[in-house]
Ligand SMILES: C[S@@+](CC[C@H](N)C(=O)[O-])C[C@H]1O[C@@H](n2cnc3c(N)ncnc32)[C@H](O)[C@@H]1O
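Let's start with one chain on its own, the form predicted on its own, as structure tokens.
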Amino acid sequence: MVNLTDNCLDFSQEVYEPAEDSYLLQKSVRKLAFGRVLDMGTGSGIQAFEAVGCKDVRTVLAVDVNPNAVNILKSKVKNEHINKLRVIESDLFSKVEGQFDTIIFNPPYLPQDKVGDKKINDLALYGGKNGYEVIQRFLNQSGEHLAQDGAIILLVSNLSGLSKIKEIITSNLFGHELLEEISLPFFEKLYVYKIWNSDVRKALISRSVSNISFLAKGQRGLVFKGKWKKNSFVKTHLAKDEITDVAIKIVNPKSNIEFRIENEVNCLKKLNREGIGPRLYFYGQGYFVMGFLEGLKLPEFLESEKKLISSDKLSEKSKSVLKEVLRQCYVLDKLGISKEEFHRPIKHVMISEDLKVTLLDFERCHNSEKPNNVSQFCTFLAKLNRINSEELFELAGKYKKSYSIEDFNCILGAVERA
């Protein structure tokens, strides 16, 4: 029965009957299903029953958000005495526990549609405004439920933005392979993909990193957030089995700019000994894990302070922060390391709530006989219109000839007088 509301045609209680997409996915399930299986969005149960018949499958959990589909399938399982198969109602993984060797999903993948001015509500067909939103939510959650050597078998359509879905797969540190495809009328194509934990994700899981989620993309690297349970093999300030938030950085596979992870790792090792940079916890092939930082980027912090005072001078907190950035720049100079990008440190300086200053992103870091960290940051300071730029450039030029503590202190003095 179709429920009618003022703005909606509601088909959400109807059970999706097998069609071309179901049969295409079924072929891959028959070949690949093994171990503990999860059939997400089970509908009529076609994939769950296929998995039950596979010799390498131990158990099957069938899940659907539609209570009508769940009740019909439960009755069928009971009547046919299928002990291997259990059915529950759940919105994706909300009531699913544990990990699975095989996760099957024939998702709703069509972009949201209307009849006249009425929105069609059909959970089995429409995957969101663009068609990929449910798939995105599924992939973002599935990592915590996929066994380390397990696989996801996912059906997608070109109508739901295939390039976007591939981007979501990659941003969750998964690998993927096309298994099957079929062309349908009206220019639609269906694809079945096998998805698995990438080597980096496996390495992180093996070292007790969980809840891995995409955070940010740079020209050279991708950054993820996760939770790390400290083990006895890593020397840190954390107690054994303590759980902390971490940031994970890997090479951006789409970047055409060379980025050597080991360069940034080696730089962080050296700088951590001076109390500079995020704390490096551990690293491996193609990745490293460091402390997760929260706070404001430097321009955001300065703008927030600017709003708190009525004068055209720097606040005392701003002076304190800027002098600390300069101090860390001076340490870099004395170590003979050029970080680059200090003339425009929009994303490279983090200020915590307690005013702790942390420099970020050392991917362009390199040894130099004439490092330019302090002088570059002076260029940024001159643009603030709070410090005498003529005096600052004169002091920076003098400092760059000597790199002496006396000339550096003169720069600090200029900031203090601002």
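Here the structure is a predicted model, which means the values were calculated and not measured. Throughout, we count residues from 1 along the sequence that is shown.
In what follows, reference is made to the form predicted together with the ligand, a form of this protein that is not presented.
Here is the short version: of 57, 32, 46, 382, the single residue with a heavy atom within 4.5 Å of the ligand in the predicted complex is 46. With the partner removed from view, the residue among 295, 221, 108, 291 that has a non-hydrogen atom within 4.5 Å of the ligand in the predicted complex turns out to be 108. Proximity of residue 18 to the ligand in the predicted complex falls within the 4.5 Å heavy atom cutoff. Taking non-hydrogen atoms only, residue 92 approaches the ligand to within 4.5 angstroms in the predicted complex. Heavy atoms of residue 41 reach within 4.5 Å of the ligand in the predicted complex, making it an interface residue. Contact annotation for residue 66: at least one heavy atom lies within 4.5 Å of the ligand in the predicted complex. Considering the ligand in the predicted complex, the lone stretch of 196-204, 267-275, 158-166, 84-92 in range is 84-92 [heavy atom distance within 4.5 Å]. If you take 136-157 and check each residue for a heavy atom within 4.5 Å of the ligand in the predicted complex, you get just 137.
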